[in-house]
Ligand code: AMP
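Take a look at this one chain, the form predicted alone, written out in structure tokens.
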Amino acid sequence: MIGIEDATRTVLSRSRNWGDEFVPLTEALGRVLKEPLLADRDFPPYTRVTMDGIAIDFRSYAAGQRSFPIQGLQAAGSPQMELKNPEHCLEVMTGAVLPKGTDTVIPYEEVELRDGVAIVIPDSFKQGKNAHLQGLNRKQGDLIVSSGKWISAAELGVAATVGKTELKVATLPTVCIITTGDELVEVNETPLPHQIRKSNAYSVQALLRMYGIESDLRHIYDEREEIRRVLSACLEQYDILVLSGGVSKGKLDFIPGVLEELGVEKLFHRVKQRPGKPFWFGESRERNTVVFALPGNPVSSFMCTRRYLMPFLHKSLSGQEAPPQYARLAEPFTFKPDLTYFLQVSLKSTAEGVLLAHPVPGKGSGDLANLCDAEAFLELPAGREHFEAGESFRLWGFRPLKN
């Protein structure tokens, strides 16, 4: 049995690169960019009007002029006009090119329009006001988004602005989630008193979708030769296998032995943690497949996916480890076994910007329903029993941010 630090290092050291591919711009959200996005022209590409109003030559205003005959109107999307008389003005719309011969925009709120003349009300206006200069944000050829960045709505907007109809992104792995156990039946079936419906596969599958990864689902019963046949085929077909159940020390827990028979190297089995102690991890170098064999208890399976598989995916796809997040324990908590404990918590942010984690401990690793009351796991280190309110610990969230 190893500690979580060693388990984490081992898992992350086996991160993979599954190559690159091009996808349409509309399908790139949530993927990892594998090319730099450069400005194809200045940002903004012209000196841009930022408020509806009038454009003037500031020198006339500085000389004391306050009434400006209106020469015409510069609309957004129209070719640049020119102010031919510096003592006149042009009406301008937000987003329009600043007319030639002008350098300052006075908003309509500061102007009275009378019989074709704009009368400026305030007596202290600065040159260049409300004119966003060409190239102020970026110059042509400048780097806007670096390779390796996760693509959000912001990066999609930039990609569209620089004319990218498709983007080069990290290829996602092929994944199969395999549940085991004679006690499991399909979701649409009515379980007998000694049976339960499958749930682990769907919760793990949903967590993987947070990385844009779709996965296949398989189920095998507790029959050794059937397990061997299915796992042998899946090792040839998929980049990642995620197994749920059959990894403890029971007489029907065939998974570890069968995996090793099939040439999957065991890198560790059993971690000093709760939940999820029986977690098994290995790789088939011949097939370049990694195997996450998770405990069958629902919370254990869920936690190990969040704590180990998702960081593995993050590093594999982006080339970098996910930055850690922390929260403060909102109230004292006690846990006596000498194990790292992943405490289920709900989260609240204070007005001072402090993230507080409130314990929602539940009733053990089989209490799947309790996850619905929690938002994250707070990682409480081994080697101590008492954890005080106000202490900060590593946080592993599992709900998307929506506010």
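Each residue number is its position in the shown sequence, starting from 1. If you're wondering where the values come from, they're calculated on a predicted model, not measured in any experiment.
Although not depicted, the form predicted in complex with ligand AMP is the subject of the following passage.
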property: Single option in 173, 282, 296, 256 placed near ligand AMP in the model of the complex, where near means a heavy atom within 4.5 Å; result: 296
property: Heavy atom within 4.5 Å of ligand AMP in the model of the complex - residue from 266, 197, 132, 314; result: 197
property: Stretch in contact, per heavy atom within 4.5 angstroms of ligand AMP in the model of the complex, of 230-238, 118-126, 183-191, 83-91; result: 183-191
property: Contact test in the model of the complex: residue 248 vs ligand AMP, heavy atoms, 4.5 Å; result: yes
property: Any non-hydrogen atom of residue 179 within 4.5 angstroms of ligand AMP in the model of the complex; result: yes
